[in-house]
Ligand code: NAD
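Take a look at this one chain, the form predicted alone, written out in structure tokens.
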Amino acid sequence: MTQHKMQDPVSQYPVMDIPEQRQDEPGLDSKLLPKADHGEETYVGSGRLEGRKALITGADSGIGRAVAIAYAREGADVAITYLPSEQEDADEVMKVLDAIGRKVVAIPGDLSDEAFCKQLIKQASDELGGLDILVNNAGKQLYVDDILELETAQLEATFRVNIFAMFWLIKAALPTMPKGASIINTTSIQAYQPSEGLLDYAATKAAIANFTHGLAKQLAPKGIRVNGVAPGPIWTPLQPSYGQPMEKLVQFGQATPLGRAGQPAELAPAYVFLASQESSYTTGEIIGVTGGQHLP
């Protein structure tokens, strides 16, 4: 079964029986129950990104892992970055990427550090021989149900990872990106329909959407497109690592019109489209992949 076969989207993946579980932040895919699908066995490429060179943040797990696999199978050389504590997951995805046969580079580090962001762009560009796709996907999400309990340290950390890092990476990458390059930012349904316990996270995702719209206008004359993807409830390690309260975690995604959570593999085609020349007349757009929780 591949992403090209017509299926009922309601039953394409089962409603998951999610047990109570907790992981330390940022969480590992290797400990996720049940396991997520990143397209390891299902994504089939067709050369849509042949010769392209992509950097994907947060690509050890979840959506980033699915995007890295899809890009490599579409013909791109890929650099991934992740926190050092996520090395176990990174090793897993690197095995998949190595088997595809494209050039792949793994660069661990902390995106909340501006100096690392600058070094990351240089290293990725040097090792890949250029950079023409930047996917800002890494994110920090911690559920706090009372603003009185939301600490300034968490607020600052969430903004540094979700907003500041995106800003630093784009600034560092632009001088090396050619006409035709693509920047893709991961926002969220939370930007439009915020949950009461994700005030800091939802605020960053709204800022990412706004930043994407504005930067797209600024960079259009330079021939660089800027777009975003807004995932809905997607089953990733963010959720059990205190991204959701337990009562929501065990029923995760069931309130969507499609009645189930999404899998990372279902996000990858949107990122492929926005990176490919097929979307040459698309910039400043946000594609919602939300299970029916539509964007405004």
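Nothing here was measured: the structure is a model prediction, and the numbers come from that model. Throughout, we count residues from 1 along the sequence that is shown.
As for the form predicted in complex with this ligand, it is not shown, yet the points below apply to it.
Note on the interface: of 144-152, 83-91, 125-133, 215-223, the segment with non-hydrogen atoms within 4.5 angstroms of this ligand in the predicted bound form is 83-91.
Interface membership of Pro269, defined by any non-hydrogen atom within 4.5 Å of this ligand in the predicted bound form, is ruled out. Contact between Val161 and this ligand in the predicted bound form is found at the 4.5 Å heavy atom cutoff. By the criterion of a heavy atom within 4.5 Å, Arg73 is excluded from the residues contacting this ligand in the predicted bound form. Contact annotation for Glu156: none of its heavy atoms lies within 4.5 Å of this ligand in the predicted bound form.
In terms of contact with this ligand in the predicted bound form, the residue from Leu97, Ala181, Leu111, Ile184 that brings a heavy atom within 4.5 Å is Leu111. The contact residue chosen from Gly243, Gly39, Gly228, Gly232 relative to this ligand in the predicted bound form is Gly232, the criterion being a non-hydrogen atom within 4.5 angstroms. Taking this ligand as it sits in the predicted bound form, the stretch 217-254 comes within 4.5 angstroms of it through a non-hydrogen atom at Pro231, Gly232, Pro233, Ile234, Thr236, Pro237, Leu238, Gln239, Phe252.
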